[in-house]
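Next up: a single chain in C-alpha cells, the form predicted on its own.
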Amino acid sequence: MEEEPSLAKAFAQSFRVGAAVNGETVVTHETLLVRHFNSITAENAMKFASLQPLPDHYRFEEADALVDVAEEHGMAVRGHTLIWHNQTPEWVFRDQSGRLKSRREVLTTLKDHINRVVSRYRGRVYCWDVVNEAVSDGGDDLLRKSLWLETIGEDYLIEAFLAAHDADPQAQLFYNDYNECDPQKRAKICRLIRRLKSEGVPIHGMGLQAHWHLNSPGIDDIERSLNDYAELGVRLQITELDISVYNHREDPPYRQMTPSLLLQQAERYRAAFRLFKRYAEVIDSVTFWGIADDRTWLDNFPVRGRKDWPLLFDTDHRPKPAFYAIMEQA
C-alpha cells in the first residue's frame, strides 16, 4: 500500500505543520510524527508545574528529551507556556502559612523562572507562548482574575514578555488564547495586544488555540479573527488545532466515528485550511493538539467518559477523510 503524502512537505511553502507531543507519544507515534510534521510543542513538559514543582528544584528531563527529538529530525520547537493561571504551583503565590506573597516576591519568581527556562533553550526553541489565556471570557474585565494578576498587578504580562526577551532576544514571543474567534473576546485580545505594543513590549505574535467544533466557530468569524489579529502587525500561529465531533457539553457520546461525522469533520478542516492558505503571508505555523485519535486531551473532557475523535489520524494511525481534505488545499 502506497504511503500517503507528507503534510509538512505539502505545506512547506506556506507554513510549518506541527503537533503537540509528550514523552510517550514521541515514541508511540514516531512514524506519523516524523513523516508528517516539522514542528513540535510540548503538551505539558514545559509548563511551570512540570519544570519547577518546588522553589529550588527544576525538572528538565522530559523537555530536554523532546527538544533532542526535534533536533534529531530537523523539527522546530514551540515553547509552551511560560505564564499561565493553571499548572502553576501554589508555592509561587503563597508562603508556608498559606498567605499570599508580596508583589516583589512573586515578580522575582516570575523573572527567575522565565530567565532560567528561556536561557536553557536559547537558540533551540524559536518561539514561546509567553502568556497563556490571560484575557477574561466574559463581562467587562479585560484580564482574567488570577493569582498572577492579584499578586503582581496588570503589568505581570509586560514583565513576562520583557523577561523572555532579555533571556533570548532572537525568540519570537506570542500571546496565546482560546475562544479567540468569539467576537467579544477577540475585541479584548486585540485591545490587550494593542496596549502591549503601544508600551513597547516585545510581543511578536498572536497564538490562536483553535479548539474548534463541527459547527462553531463560523468560518466568517474565523476569517474576521485572522484579519483583525493580522491588522495588529503581529505574526499569527494556529497553536492547538483540533476539531471536536461534539458541539456542546450536553451532546451525548457517540459509540464510534460514523461516516457522516467523518465527512462533516473533513469539510470543517477543508474550510479552515482554505483560510489558512489565504492568510499564509501572516501565518507562520499550524500546530495540531495531538497526532492521532488514540491520544487526545478531549477524551473525557469536558465530559468524563466521552470519547472524541478530533485529529487527522484515527485510533489506528490511519489518515481520515479530514487528512485528504486538507491535502487538497496544499
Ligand code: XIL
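Please read these numbers as outputs of a predicted model, since none were measured by experiment. Sequential numbering from 1, following the sequence displayed.
This next part talks about the form predicted in complex with the ligand, which is not shown.
Residues with any non-hydrogen atom within 4.5 angstroms of the ligand in the predicted complex fall in just one of 80-88, 219-227, 188-196, 151-159: 80-88. The single contact residue among 209, 146, 136, 109, judged by any heavy atom lying within 4.5 Å of the ligand in the predicted complex, is 209. Of the candidates 48, 279, 60, 297, 297 is the one whose heavy atoms come within 4.5 Å of the ligand in the predicted complex; the others do not.
Though the partner is left out of this view, residue 180 does not reach within 4.5 Å of the ligand in the predicted complex, counting heavy atoms only. For residue 293, no non-hydrogen atom is located within 4.5 Å of the ligand in the predicted complex, even though that partner is not displayed.
Contact annotation for residue 168: none of its heavy atoms lies within 4.5 Å of the ligand in the predicted complex. Under a 4.5 angstroms non-hydrogen atom cutoff, the ligand in the predicted complex has residue 44 among its neighbouring residues.
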